[in-house]
Every structure is written in structure tokens, then in C-alpha cells.
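Just the one chain here, the form predicted on its own, laid out as C-alpha cells.
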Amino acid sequence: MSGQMPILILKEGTKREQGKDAQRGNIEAAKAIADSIRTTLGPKGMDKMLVDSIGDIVISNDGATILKEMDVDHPIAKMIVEVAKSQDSSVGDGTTTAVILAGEFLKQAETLLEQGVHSTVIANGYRLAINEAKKIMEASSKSASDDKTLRNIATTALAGKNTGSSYDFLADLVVKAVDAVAEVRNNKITVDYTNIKVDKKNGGSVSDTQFIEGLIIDKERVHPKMPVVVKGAKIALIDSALEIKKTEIEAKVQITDPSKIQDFLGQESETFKSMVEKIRKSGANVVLAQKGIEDLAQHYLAKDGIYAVRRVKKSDMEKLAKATGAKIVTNLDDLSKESLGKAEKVEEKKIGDDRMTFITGCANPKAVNILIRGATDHVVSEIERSLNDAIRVVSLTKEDGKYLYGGGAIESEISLRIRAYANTVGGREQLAIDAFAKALEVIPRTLAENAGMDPINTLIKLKAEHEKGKQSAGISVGENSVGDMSAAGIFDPMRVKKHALESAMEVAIMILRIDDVVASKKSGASESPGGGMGGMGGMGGMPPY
């Protein structure tokens, strides 16, 4: 039997990593991604500039944006990017926290793997720890019932972003917007954040950003003779074209008698006259159409002093219905006084180089608008990302009515209590639960590092405060010390923290359980030699794959 040929199961030359090598490589890839955005955490976090192949740049310190724009090649790194995307789509904020935690869970697990603890034992320990952590969060949560708390939550979300010193002002706008669109259904508050429209126009300063009790449509009136301002607006929302429909098949009209030309044109004119007459009879003085408006129809609308806008987006039409109380009509015969919406004023304003239609002063609007202004495109884009995050977190808090102390306070509290819990578990799982507790300290440590504080001394002080029972002790980056997060008003929504912790732990366990990485059929010959993190050169520490 000694001369028997070996049986080849995998194709010769197939790339493969097994056992500890695979685990080590995977953990290194995850840590590298976490380290790449670690410096962006907190109010004193730094920004990243991402430059694409054609030279377009994005400047941001929003974790989801950075990871979305990054050219990531390693399969494990892609899994970590998915955590950020999931966090962003589910709760809108906490993406950097989730990725940093995932990296740290793996880093702590790596130490245990080297000591001979099996990855399944680590996974079991982590699951026990997360269940306990959720109980601690529930017990530590505070009730958020007033606008002051919501404003603090918005300020905390915005302070961690690149909004300069305007975050207090922007936080006010966010709370106003969320309060406006909040509805009570089955004795429960629900907030559909998509009813808050965020528009951006560069020019002016951030302080020119405004909240509008109504909507802005990025369109101008269709005819110069139409009024520029309409007060006491009665708005018709029309989802049909004010045009004469063309036939489905090609048709040719041949007029042999010259006197009939005028009759033909007159008939067309009468059709438009009757269309506009139906609008006028309903009492509407503003028409917002989803489709086109023929030139002749524009002329008759202008003659009747009706303000009209055409080709309004479907999503904007739906928001206009919620803001003004109008019904969208698909047939002009259905247009009546009852189907009209109301607003104090509809006017055309020039913002930057564009003319826009402002529908303002709506009574109890269920869709509102925030118009962002700023010096450059990069400034307004980053403020838009920040505001969208703040809108999401305030919406969640308004719905759940629960928040936790920020600034690393809740992570320190959970870490302290999980260590005590580990002693009651025993066995090898105890080591994994301890590792989980240690991993949570990465959040306050990173906040301290990014603020230029001594991370070791700061953590020692923070632990001492929590051991004394001060749950609200956290990193006060403004004062470069350990402070009271309750007095400082640094709050995070409970759902954001819970989701970040759960998604970070789930991906860490998934990565830990991989002990074999094999190139699959699909990859074929298209893979570049050396594979690796291709587009992530400069991130350092990323292992080739």
C-alpha cells in the first residue's frame, strides 16, 4: 500500500487556510477594519478622507459611510462591514461602536485561543455574557419622556459627528421635526422618520439651516406670469398629466381645408380651458402635478392666478399629502373642495443658484422638512449624514422611551457587573465571560485616547467610580476627565446600544467558528495574484488572503 497515489479532493494549487492559521488570519482582518475607524469615535474623533479612482472625495467620521466607501477585499473584513451596514439600516447610529466591539471581542478571544480554550467554549461564554448584559441594560435604562431628554440624545449623536459647534442648534431642529411627525397608534407612539425630508443646498452657513412646518419642492413655478407668493394656499395634488394624450399607435392628422386649422387648434384650446376650469371651480390656487403640464395649460393657469409646479416626485407627493392634508387625485373630475390641502403660504424662493417652491405654515403637518445650508458640498453632505443619524436616534427614543448613559458609562457598568457574574458561572466559560467584560472597556478607552487623555489612568478612575455605585460616571471629553453623564446630558438610546452589542457579538462568534478558508469555484482565475486587501493599502496589519 505504500506506493498508493494520494487522493486529490481539492484542485491542485487551491488556496486554503486551515486551523489556527485560518483563525489568526481572520481575527487580524477583523481587527484591522476595527482599528481603521477607531480614531473616529466620540466628539473628539478624527475624520477620514476617502478618495475614489476618479478623484472624488468623501470626508466623514461616520462609521457606516467610511466602511461603505472603503475598497474592502478580504472576506472577513466584508463581514465586519456588513455589521456596520446592518447597524446603520436598523437603528441609524452606533456603527463605529459595533465595529470596534466586534474587533475587540475577537482580540480578547485570540488570547484565549492561544491558551488552548476552544472557540465553541468562547462562543458559549460570550452568549451567556450577552444575555446578562441585556438584563443589566434593562435595569440601568432611564425613562425618556420630555423634549429636554430628546434634545440631549440628539446633541450626543451630533457631537460625535463633524458638525462644528452647531450641534445644539441642529439638535433643536431634529427634536421639532420628530415631535411633528410622531403619531399615537394603539396607545403607542410611532415615528416614521421617512416623513422628515432632509434637503441640502450649499451656500450660507450652518446656522442658516432651517426647519419648515411643511415641505420644500426642488422645482420652480412653470410660468413666469404665475404669482410668486400665494397666501392662504389651497393646494391640489394631481397625479395626471395636464396634457392631451398622444395615441398609442402612430396617427397622422391631415387637414385639407385651411379654415379647419383654426377649428383644430380651438378644440385643443377648449380641452385645456375645461381642465383649468375644473381646477378653478374646486377653489384651488396652487397645483402640484406629478406629471407634465402643457404650455397652453400653463398659460390658462397663469391667467387665473394659479401657482403650478410640474413633475413633482411621487415620494414628495405622498409627503405633501401628509403635510397639507390634501388627497392625491388621479382624475380632474374627482377634484373637489374637500380634496384640497391647506398651507399659510406657497412661494418660490431662490436658494443658491436654484429656485425652489416652499410650502410653509401647514397646520399639524405629518411630514416636515429640514433645509441644510453650509459653505461647501462636503460640509452640507456631512451635516446631512449627521442629521439623518440624529433623526433616527431621537425617533427610536421617542418610540421606546428608554435611554442609557453615554460616554462609555454603560459599557463600564456592564463590564463591572459581568465580571462579578463570571465568578458565579465557573468552568472555562468563566474565562470567556471575563474576556467579554474586558472587551467592553474598549469604548471608554478609545474615547479617552481620542480626546488625548491617558487611557490607563482614566480607566482606573472610571472603574473606581462605578465600584462606588456611580452608574452615570463616564468620559467627559469636554473636561478631559471622568465626569457625571447625567449632569452633562450625554445619553444614548437603549436600542442603539443593544443592537451594537448583539451584532458585534454575533459576527465575532461567526468568525471564531471558521477554521477552514477555501477558495470556491466562483473565484476562478479572476482573482488577482496575492489577493489581499487590494484597495486597502495603507491600512496596515491586514493579512494577505
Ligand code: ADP
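Residue positions are given as counts along the sequence shown, with the first one as 1. Small disclaimer: the values here were computed from a predicted structure and weren't measured.
Absent from the display: the form predicted together with adenosine-5'-diphosphate (ADP). The rest refers to it.
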item: All of G25, E104 and I511 within 4.5 Å of adenosine-5'-diphosphate (ADP) in the predicted bound form, heavy atom check; value: no
item: One residue of S395, S386, T324, T156 in contact with adenosine-5'-diphosphate (ADP), assessed in the predicted bound form (non-hydrogen atom, 4.5 angstroms); value: T156
item: Listed residue (M70, L41, V507, V58) with a non-hydrogen atom within 4.5 angstroms of adenosine-5'-diphosphate (ADP) in the predicted bound form; value: L41
item: adenosine-5'-diphosphate (ADP) contact at I443 in the predicted bound form, heavy atom, 4.5 Å; value: yes
item: Any non-hydrogen atom of L447 within 4.5 angstroms of adenosine-5'-diphosphate (ADP) in the predicted bound form; value: yes
item: Interface membership of A32, adenosine-5'-diphosphate (ADP) in the predicted bound form, 4.5 Å heavy atom rule; value: no
item: Proximity of T95 to adenosine-5'-diphosphate (ADP) in the predicted bound form, heavy atoms at 4.5 Å; value: yes
item: Proximity to adenosine-5'-diphosphate (ADP) in the predicted bound form (heavy atom, within 4.5 Å), stretch among 170 to 178, 403 to 411, 206 to 214, 311 to 319; value: 403 to 411
item: Within 475 to 501, the residues that have a heavy atom no more than 4.5 Å from adenosine-5'-diphosphate (ADP) in the predicted bound form; value: I475, V477, I490, D492, K497
